[in-house]
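Taking the form predicted alone, here's one chain by itself in structure tokens.
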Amino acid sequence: MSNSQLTPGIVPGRLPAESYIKNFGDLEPLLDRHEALVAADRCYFCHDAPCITACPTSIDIPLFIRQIATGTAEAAAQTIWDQNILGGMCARVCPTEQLCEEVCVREVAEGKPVEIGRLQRFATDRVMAAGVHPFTRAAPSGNRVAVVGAGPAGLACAHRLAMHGHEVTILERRPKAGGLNEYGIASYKAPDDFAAHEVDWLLKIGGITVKTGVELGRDVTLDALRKDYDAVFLGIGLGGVNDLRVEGETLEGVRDAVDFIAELRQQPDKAKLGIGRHVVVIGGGMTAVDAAVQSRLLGAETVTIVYRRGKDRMSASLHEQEHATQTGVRIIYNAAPVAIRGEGRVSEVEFAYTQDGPEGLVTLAEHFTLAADQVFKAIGQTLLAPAGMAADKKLPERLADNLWAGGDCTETGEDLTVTAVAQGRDAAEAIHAAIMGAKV
């Protein structure tokens, strides 16, 4: 039973049924063919395109846009997938305003970039809707690779290894594959079960077996995997959530934002999800924004994000911050929680104003209080090392002769699908080279 069903005052169904359909519908509708051609026509097709450099997966963006402009969306999709096999989801969730579109020459000159993300979705959606998987496997290599974690890094790694002819087994602790894409992003960014459909499409390459409900350290050991397989890739994500370390954190009505988002993503009928009347979200990243916006969409009367530093330090982009405020979310900067109070369940949160200076963050004497019947913690995640694996910090991308890692569990990882895909893809190439070199 969910937290929302146990806590008085956090009730479902505050809104008319049609509001949930509208609120959790597609945030960015798919471009039609004419709209795509018009959007593609704005591209200058730069020779030394800064958008390619800004893309973590190095997609040849001018090429795929030119292919759309010439009426060959299938070729455009192939160009995208050659570098980013999860290009469909990335077209929906990538912070393009901070990556490719931010450095677009049109953005610099006119303040309006080419709509790269929407054009990427146009191409990939058209081909996926046709049920086409344009990749084929190489001849079987006789090698077996274990991939732990079916998130973006693990899926990208598995697909590239399968292309090279290796047999891949993905072990996933959750009931469904997809990781961040399935459990960790706002529902309105990828409605209609797109994450699951993309996984099914990816698996059409063949040679990949997915086993869900299998947890490293509980059901299988790392030593056993390294013994039984030619190589092992860890895409285990970040399972731990940072604590606020303030009085009242265990009161009823206080919960982790990542759990709330996961629960929301897995509930097809959003009217069944309870939400408080007055919601406070503590944090400054995309998880905080997604939790706050969706609280409003579920019917919360007031939703406030409180972040301990200034607006420019918030890891959620300005675009996402503006989207939150346009949805009715209030954002308070430069404030940190001091205590959460209530009789058995949360009723208010006390904050102290902060100042970010040369000596770091300083808590000021002035305090304020916000009424709250629900509080979401979104101050970052930490690596939960599997049983039998010593790790108190993020992992290097190469841990041993036959052991690699990728995604946000690594030292270079970020909480971005596109970065995880790049790391999974690159790890697969390194694994392939190592395996084939060892066989020579």
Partner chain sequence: MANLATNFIGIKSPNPFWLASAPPTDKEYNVRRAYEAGWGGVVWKTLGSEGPPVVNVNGPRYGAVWGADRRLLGLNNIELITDRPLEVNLREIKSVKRDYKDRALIISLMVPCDEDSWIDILKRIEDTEADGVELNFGCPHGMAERGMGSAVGQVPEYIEMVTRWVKTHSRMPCIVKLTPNISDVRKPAEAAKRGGADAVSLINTVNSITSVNLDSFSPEPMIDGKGSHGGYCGPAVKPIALNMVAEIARNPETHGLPISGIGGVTTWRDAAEFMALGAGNVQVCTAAMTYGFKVVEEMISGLSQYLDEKEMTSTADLVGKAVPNVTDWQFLNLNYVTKARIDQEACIKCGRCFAACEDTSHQAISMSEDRVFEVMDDECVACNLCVNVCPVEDCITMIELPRGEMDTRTGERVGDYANWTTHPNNPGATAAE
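Numbering follows the first chain given and starts at 1. Not measured: the values here are computed from a predicted model.
What comes next is about the form predicted in complex with its partner chain, which does not appear here.
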- Query: Of the residues V105, A262, M163, A339, which one places a heavy atom within 4.5 Å of its partner chain in the predicted bound form?
  - Reply: V105
- Heavy atom within 4.5 Å of its partner chain in the predicted bound form, from candidates D32, E411, D401, D41, belongs to D41
- Message: With the partner left out here, check for me: in the predicted bound form, does some heavy atom of P386 sit within 4.5 Å of its partner chain?
- Response: no
- Query: At the 4.5 Å heavy atom threshold, is P50 in contact with its partner chain in the predicted bound form?
  - Reply: yes
- Message: So in the predicted bound form, is its partner chain close enough to A371 to count as touching (4.5 Å, heavy atoms)?
- Response: no
- Can any non-hydrogen atom of L27 be found within 4.5 angstroms of its partner chain in the predicted bound form? no
- For the chain seen here without its partner, which of 57 to 65, 402 to 410, 42 to 50, 373 to 381 has a heavy atom within 4.5 Å of its partner chain in the predicted bound form? 42 to 50
